[in-house]
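In structure tokens, the next block holds one chain alone, the form predicted alone.
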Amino acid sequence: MSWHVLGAGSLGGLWAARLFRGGEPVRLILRDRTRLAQYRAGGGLRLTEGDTTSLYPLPAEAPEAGNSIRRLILACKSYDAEEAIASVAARLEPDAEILLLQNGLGSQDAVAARVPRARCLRASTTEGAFRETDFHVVAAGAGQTWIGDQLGTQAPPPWLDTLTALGFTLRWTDDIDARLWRKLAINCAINPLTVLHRCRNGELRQHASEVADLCSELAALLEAMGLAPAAQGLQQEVEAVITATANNRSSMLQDVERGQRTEVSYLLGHALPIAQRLRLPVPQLEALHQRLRARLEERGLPVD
């Protein structure tokens, strides 16, 4: 049974290459025929791990290809997720499973509403990767991926064991929303700062007090939302992620460097309205949001 990967960026490319290397049948779905031609001209997908770069000639296709889809990894940007799933919705089998690898929160509900018959599995990952060039991904830090069902009542899919045997560090959770909020908090503490300081993740060690202040407010927000377990040890985990992905350029920094829209609306833009509704003061987060928006405006990029 083939895997289809829609979104050949950093995480999508990383997962696709590892699946292919492990002998799993996998196909890339690219945005359009122009991207498909570019991919084929390059001979495949390149993955750099340490000092080794390998070329994997994964088969690829356009969204309108005729074959059906049983297992889909949706790895596009949060703001593209709803349109992306709509482009292949007619190809989904009735019992299709979709693994959602989007940053932040908000896009997952939009995707699920588009394909109500599919089983949408949400993922929260600390894997580090960045796109060196088109169809060339660099693995920049080992991490763990938590996967869960929105309802939290169904059993994990059998392929979870298969991927674990291939070397994927996967864990099933019955409370994926808490994991996603934890990851959102981690991203809010790291990604905007890498843009403002124009640095890789590891260089944030030089801004430890700024990171600590953000973690304090984010933990308070999680507690106010009734997610106290997700707030515990937040600063320590943020520091651990910074260390584990020290060589990584955050996804938000990569977007800014390429002159592309960021996912700020699904990170700070998702968290701040909740803090306002709860009447929870978060001055450091609000200031961070304002500084980030100003930086995006300077670069001529969307602020949402």
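Please read all numbers here as calculations on a predicted model, not as lab measurements. Rigid core: the largest C-alpha set superposing within 1.5 Å between the two forms. Position 1 is the first residue in the sequence shown; the rest follow in order.
The discussion below concerns the form predicted in complex with a small molecule, not included here.
Contact with the small molecule in the predicted complex, defined as a heavy atom within 4.5 Å, holds for exactly one of 47, 271, 60, 241, namely 241. Picking from 241 to 249, 274 to 282, 36 to 44, 52 to 60 the stretch near the small molecule in the predicted complex, with a 4.5 Å limit on heavy atoms, gives 241 to 249. Contact annotation: residue 179 falls outside 4.5 Å of the small molecule in the predicted complex, judged by heavy atom distances. Although the partner is absent here, residue 230 sits far enough away that none of its heavy atoms falls within 4.5 Å of the small molecule in the predicted complex.
For residue 190, a non-hydrogen atom is located within 4.5 Å of the small molecule in the predicted complex, even though that partner is not displayed. Put simply, residue 183 is close to the small molecule in the predicted complex: some heavy atom of it is within 4.5 Å. Residue 68: CA moves less than 2 Å between the shown form and the other one after rigid-core fitting. Once the rigid core is used as the reference frame, the Cα position of residue 125 differs between the shown form and the other one by less than 2 Å.
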